[in-house]
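Single chain ahead, by itself, as structure tokens, in the form predicted alone.
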Amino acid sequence: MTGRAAYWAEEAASLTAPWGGINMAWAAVDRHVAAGQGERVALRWIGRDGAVRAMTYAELADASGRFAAVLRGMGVQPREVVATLLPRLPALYVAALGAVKAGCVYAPLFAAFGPEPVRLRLSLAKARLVVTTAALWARKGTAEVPALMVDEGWGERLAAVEPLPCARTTADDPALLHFTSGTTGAPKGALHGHGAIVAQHATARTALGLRAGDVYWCTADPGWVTGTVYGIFAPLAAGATLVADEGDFDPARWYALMERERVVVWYTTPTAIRLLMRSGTELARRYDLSSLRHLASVGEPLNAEAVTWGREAFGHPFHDTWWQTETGAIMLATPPGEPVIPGTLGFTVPGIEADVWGEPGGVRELVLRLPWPSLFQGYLNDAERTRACFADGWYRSGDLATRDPDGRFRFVGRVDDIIKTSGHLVGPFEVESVLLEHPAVAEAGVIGKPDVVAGELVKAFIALKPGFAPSEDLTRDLIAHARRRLGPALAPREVAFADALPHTRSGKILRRLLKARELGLPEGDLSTLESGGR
């Protein structure tokens, strides 16, 4: 057995259920109850109006077991897909855990989806049931799939049945179905097995530094893979207390929540960090945030300025993490307590081997050596697209990166985002990071625009901070700043200003959408686009 295989075997042993298999819900909640830790608080939910509800591990295990029994009573069978279309409500956590406890495949959907994205995903998944609210289903539902409303007799339904024991699943039995947006055409459904919890639990401890009893807050939307993996299953498996906030983004609300709940580990997105930066460090310093031990970011690469600002505002830098829906768990990170080098993704987490493929000294594709427990089992009903992700015993990420001599990885861009201008390969993230250093810039998105001489020229789209207005002088100053930092070959030749840039709900700037709109091309799948970016 190789070193990596032995590492994962040891991790799996700690999560193996009494019947010799693995079930994600058993590993996340029932295991703690069996170990006498049932009275520890598993979830602290904060309502939009400030109301707080706490659930212990024992209560969450009981409620999820009852929901599993409800599913079975409705005729829902193991391996059938149970979807949720819910905001952050206690019922979401019960439904997610209960679905996998019943041996079903759990598929989270964004509550902000419109009717067509909901219908399409439910159809692709061949969903047996969707758990939602009456209001959401009235606006977005389809008659093709039965719905169970959590605001219509939910408590009575659970009380009327006895908890169902965990289905005796194995590591290879399907458990999670996450849809990830395609550049064009239909979204891709990535399927993961119950064994994914092994890597998710391990990385919650090694990459996020979670310890049993820690108060933990992941701000990711529950419809996104991070909101499921590191918003529900991984931190519960680690024995943490989850904080879930139903309210909308508001810097003062967020800081007050962290002060009141004494949050220890905070996992958020670069977009949220940039929005917090707009409110300045003074607001953050009005609150007692001394409980914070580790800050981490996910969703898109973290700009160096945000890392530095974390130190100024909270006394800790934000640690970037890199992973994908397909990898199922964090693959690269700077470990807690280790010094962060701004602009880098960090190192491989224990049990993972990574490399970069391509010409020596150039921009190369990030690849990961197979296998690891959370690797996706494939795209739903798309064997050809699945095969394209693998080559010679490696997973091809489609992300471009460089690796320093000490083993740190640095993100460059997506394969299809790279700009080729006058013989130079330009990673948009590098240009965006430099533009963000300018005091007027709140956000930057960079694309390649066709040019008859250069092949492509670099064009930047800029959202400004409050107090700044578009002008020809500012345009010249931004280009001059980029030329000083990057040189004339890499600096933008054109700048356009926008009130806001288009983002996915996971916080990524949609460069492909900027490019499509610039060139008048089809915009592709917009189902995960934040409404503010339309």
Ligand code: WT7
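Don't overthink the numbering: it's just position in the shown sequence, from 1. Keep in mind it's a predicted model, so treat the numbers as computed, not measured.
Not pictured, yet referred to below: the form predicted in complex with this ligand.
> I need the one stretch from 235-243, 220-228, 137-145, 349-357 whose residues put non-hydrogen atoms within 4.5 angstroms of this ligand in the predicted complex.
Stretch 220-228 is the one.
> Heavy atom to heavy atom, is Pro428 within 4.5 Å of this ligand in the predicted complex?
So Pro428 does not count as contacting this ligand.
> Though only this chain appears here, would Arg119 touch this ligand in the predicted complex if you measure heavy atom gaps against 4.5 Å?
Contact with this ligand, no.
> Look up in the predicted complex whether Glu326 has a non-hydrogen atom within 4.5 angstroms of this ligand, and give yes or no.
Heavy-atom contact with this ligand at 4.5 Å: present for Glu326.
> Quick one: is His438 in contact with this ligand in the predicted complex, heavy atoms, 4.5 Å cut-off?
His438: no, not in contact with this ligand in the predicted complex.
> Considering this ligand in the predicted complex, which of Asp173, Glu300, Glu261, Glu305 comes within 4.5 Å of it through any heavy atom?
If I apply the 4.5 Å criterion carefully, the residue I get is Glu300.
> Pick from Asp399, Asp382, Asp451, Asp417: which has a non-hydrogen atom within 4.5 Å of this ligand in the predicted complex?
Looking at Asp399, Asp382, Asp451, Asp417 one by one, just Asp399 meets the 4.5 Å heavy-atom criterion.
> Are Thr180, Thr321 and Leu345 jointly within 4.5 Å of this ligand in the predicted complex, each by at least one heavy atom?
Yes: Thr180, Thr321 and Leu345 each sit within 4.5 Å of this ligand in the predicted complex.
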